[in-house]
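Before any questions on how it binds or moves, here is one chain, the form predicted alone, in structure tokens.
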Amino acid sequence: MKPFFALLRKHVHDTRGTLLLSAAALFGLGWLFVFVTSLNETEILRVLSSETENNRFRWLRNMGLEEQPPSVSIMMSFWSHPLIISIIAMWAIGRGSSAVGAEVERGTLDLILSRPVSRASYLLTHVLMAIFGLFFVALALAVGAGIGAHYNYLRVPIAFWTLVKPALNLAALGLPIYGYTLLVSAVDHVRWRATMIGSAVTLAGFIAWVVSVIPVLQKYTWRVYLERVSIFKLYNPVDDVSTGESLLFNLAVLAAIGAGCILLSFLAFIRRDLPANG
């Protein structure tokens, strides 16, 4: 077991800078979104208080609301920002593409496997580090929001557990992205190709999701198919903190897709021929 834990320590050492930088970015964004939510609530309440009763309800209906929106729902609308999703996707693609392809490209994989560690154990250390990183940076967003909620006025107080639920959904979103990038890396010889394919698939899925929710395209039947093929429809932070009806389903589907791709990666990596270090 010593070589296994030695590899884990190596991954922690190699990725600690990127991991801490990503976590710090999401922590800061979590705090910032609370601050912006506080400002938005102040403006909403000012507008409502200055209008007549009839205009007040008309204004709410135009916003798609029947009553004053809770603070956490306003804040969660920011959690779908492309910057948040990009940080998770970059971590997942970076770790997935480097697991096998980078070591083969550098010619160091056969040296690592010459130690008393199996291929499965080697790949498992990469998977554990990647999954830990996904949940670590996602929870950093929740912690930043939780601390921000303590120091900024919100009309409706927010419990930390309420923030953990969409954070788990965000981390789970990274599992399929990591899974299919890892699968490409497990069968390829270079890192750049796994990075390119993982990025292209992720971008295509995100574009499909964005197009599927554009209001003026709702009348087209092909929009439904775009929505169905995108994993991003399974990330819904606003619903996670309101009804939460689809949270468990979304987590299960994202985890299943990620686990399936990771399992295929193990099978491909164990059976593949590795180039000798020339």
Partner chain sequence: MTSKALLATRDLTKTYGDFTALRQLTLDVRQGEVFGLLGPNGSGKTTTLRLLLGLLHPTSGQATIFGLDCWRQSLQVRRLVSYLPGELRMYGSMSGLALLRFLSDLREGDGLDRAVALAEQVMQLNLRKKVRAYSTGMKQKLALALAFSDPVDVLILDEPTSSLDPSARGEVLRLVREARSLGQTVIFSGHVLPEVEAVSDRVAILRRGRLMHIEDMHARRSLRMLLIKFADKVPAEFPAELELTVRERNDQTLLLEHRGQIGPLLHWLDMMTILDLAIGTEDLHSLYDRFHGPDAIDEEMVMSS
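Because the structure is predicted, anything quoted here is derived from the model rather than measured. Residue numbers count along the first chain shown, from 1.
Another form, the form predicted in complex with its partner chain, is not on view; read the next lines as being about it.
When contacts are judged by a 4.5 Å heavy atom cut-off, Arg106 counts as touching its partner chain in the model of the complex. Using a 4.5 angstroms threshold between heavy atoms, Leu83 stays clear of its partner chain in the model of the complex.
The shortest heavy atom separation between Leu113 and its partner chain in the model of the complex is within 4.5 Å.
Proximity of Val117 to its partner chain in the model of the complex falls within the 4.5 Å heavy atom cutoff. Only one segment in the set 149-157, 197-205, 174-182, 118-126 has any non-hydrogen atom within 4.5 angstroms of its partner chain in the model of the complex, and it is 118-126. Screening Leu20, Ile270, Val12, Ala256 for any heavy atom within 4.5 Å of its partner chain in the model of the complex leaves a single hit, Ile270.
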